[in-house]
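We've got the same protein chain twice here, in two forms, each standing alone as structure tokens: structure 1 and structure 2.
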Structure 1
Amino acid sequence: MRKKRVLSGIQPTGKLHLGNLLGALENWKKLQDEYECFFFIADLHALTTFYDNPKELHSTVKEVAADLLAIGLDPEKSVIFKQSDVPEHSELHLIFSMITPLSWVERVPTYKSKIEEIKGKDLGTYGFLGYPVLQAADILIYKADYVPVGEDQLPHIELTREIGRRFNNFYGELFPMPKDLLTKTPNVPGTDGRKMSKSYNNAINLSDSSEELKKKVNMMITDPARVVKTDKGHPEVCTVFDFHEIFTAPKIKQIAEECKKAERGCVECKKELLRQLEEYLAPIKERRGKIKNIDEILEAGAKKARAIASQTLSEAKKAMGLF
């Protein structure tokens, strides 16, 4: 009996950061010990917003691959590949686009939220609107049993099932319905207190040097009402405290009390956070420095992925009577 299959991807729109790690990648690392996992770098998806600068995407793919390996993804346990190296994704996407009603993609809630988040770029393109259809192709071409997602991605998985059912109704039962593997993730703030995001330029990257990390921690916003150390603090409005809740959890009550009683200053708080972050990121940086064969790993992963994707695409085209 084969293991259940898991599929997930991440866009190479910039260096991976703590939000990516705690929001998805730590879960990926655990899943590879239990499931047959396919993890891909979604460079085609990234073109929906980086269509005007594809060269930057090309250079970022290796950075993202290095980060994935550094956090503990194992090419012996998981299939790790670049999306565009498996052209079957694109062809199945084209087929799905022919049967997907426009109203289905227009109602996906992340469509409008992404437009609001990404400023200064024309996102009124077919590719951006059709992003969830390509995502459906990514999932269904491997007949994935599960897709690990956060709550904001649940509408995408439901749309994938709707597209799969519509294909099956037209042409016969081919695609199984994937289930979401809901991942509870911490709300990782950025250095400015907003959600950590490449778009907001507020991220702490997994590959940041010690100097970069120190600079970012020092610029974090603390309690604006606390002018001097003797002022009593309000940790609930402090970005540094938000980070402590994640990375210094055993001491969080002590930190809060000391802040409220003015027994702990903001500088001290930042220094302790910096120590915690450096300790947390140290093994990732160490593994990253030892990685040398990224191209070979991605090529081998693409070969394994294509063996399955090409079979599924052939089955889909046969079901449709295309050959």
Structure 2
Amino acid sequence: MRKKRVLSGIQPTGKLHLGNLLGALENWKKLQDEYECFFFIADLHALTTFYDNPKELHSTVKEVAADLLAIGLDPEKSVIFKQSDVPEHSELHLIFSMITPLSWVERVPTYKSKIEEIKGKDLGTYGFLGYPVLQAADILIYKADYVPVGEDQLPHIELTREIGRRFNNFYGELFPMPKDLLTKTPNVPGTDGRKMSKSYNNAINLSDSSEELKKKVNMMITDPARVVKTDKGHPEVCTVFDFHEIFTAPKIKQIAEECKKAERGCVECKKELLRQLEEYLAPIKERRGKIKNIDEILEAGAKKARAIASQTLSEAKKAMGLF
């Protein structure tokens, strides 16, 4: 039996951080052993919000590609590519735009919420409204069985199925219905205790140097009640402790006890966290050092992806009687 097919994409909006890794990418990495995987960098999607500076996407695409390889996505196992290198996505998107009722895209919750969130930029564009229609094309052009995503993306997967169903009803059965593989997003805190996010400027990037990492750990806010080491601590209000919960999990009870009894100082506590983070990031750093040919990897990925995408696109056109 053929392996089930998995597909997912990530927007190249900047360097990837620990939140991206624990939230989604760790999961992608696991999936590549069991499924036929397609992972791509969604530069066309990024264009819906970065249309005012598309040149910058060259460097962010490269950074994200390097991050993906560094965390252990393996081009021998998975097809890794850049969305715009496979123009069939855009053509299927155009076809889908003909059959997608306006009301369907207008009610997608991310539409209004993103416009609210991203102030100071005009997102009242045709392309931005069509964001999830392009996503439907990304998914259906590979007839993907599973799409690993976070919760915020579920309405897009639902819309993908609706568009696929509508196509099938009009022109004949072509697209299978993809299922979401919901990734539980652990709440990864940023260095300021809020959710880790590029836009909050509180992220630990996968590519941070040892110096940057050290600086960021030293900046973390600890329990303000601990002015001197003999003050008893409250780990539940401390960002360093939140990180220990993720990266020093087996020792977490001990750390909490020692903090509460003032048997552990914040300086040594941070040093311990730094060691844990260094250890966690070490294999990523090592792999990053060995990456050479990002362009070639993306090119080879696009070639494999296009073979399938062009096949599906012809099937779609044939079903419609377009040629």
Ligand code: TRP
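Counting starts at 1 and follows the sequence of structure 1. No experiment lies behind these values; they were computed from the predicted model shown. Definition used throughout: the rigid core is the maximal C-alpha set that superposes within 1.5 Å between two forms.
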item	value
Identity of the form predicted together with the named molecule among structures 1 and 2	2
Rigid core superposition, residue 234 Cα moves 2 angstroms or more between structures 1 and 2	yes
Residue 225 C-alpha shift between structures 1 and 2 of 2 Å or more, rigid core reference	yes
Core-aligned C-alpha movement of residue 266 between structures 1 and 2 reaching 2 Å	yes
